[in-house]
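Form predicted on its own, single chain, as structure tokens, below.
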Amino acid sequence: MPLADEKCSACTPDSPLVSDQQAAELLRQLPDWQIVPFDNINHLVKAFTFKNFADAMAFTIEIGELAEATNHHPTLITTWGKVTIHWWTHATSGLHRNDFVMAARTDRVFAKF
């Protein structure tokens, strides 16, 4: 099953984080995504480029709607022609499999632009 089609599970503070090995395997399915530490918490990060601000905003809105539908909310930084997204799991203060699923869904949304 493609990663983007997996169901996200509800996370609690004791939900398991992905191991370094699992993260490396999952990253192979997510071109151009990187694991970047912010305030000692690993985030999945990717910047998406657009031809104008309107497309960047439309993409941001679609990702916001996706986040609301799954109750999993990223950091979205929207500027002219660029949207940078950070996925991580707030409840666990790290990376859960859900973050990789949401990154794959993000790529799927971007493919429409």
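Since we're looking at a predicted model, the values are computed, not measured. Numbering starts at 1 and runs along the sequence shown.
Here the subject shifts to the form predicted together with a further copy of the same chain, a form of this protein not shown in this document.
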{"query": "Interface membership of residue 67, a further copy of the same chain in the predicted complex, 4.5 Å heavy atom rule", "finding": "yes"}
{"query": "Exercise: residue 78 in contact with a further copy of the same chain in the predicted complex, heavy atom 4.5 Å", "finding": "yes"}
{"query": "4.5 angstroms heavy atom contact with a further copy of the same chain in the predicted complex for residue 47", "finding": "no"}
{"query": "Residue 60: touches a further copy of the same chain in the predicted complex, heavy atom cutoff 4.5 angstroms", "finding": "yes"}
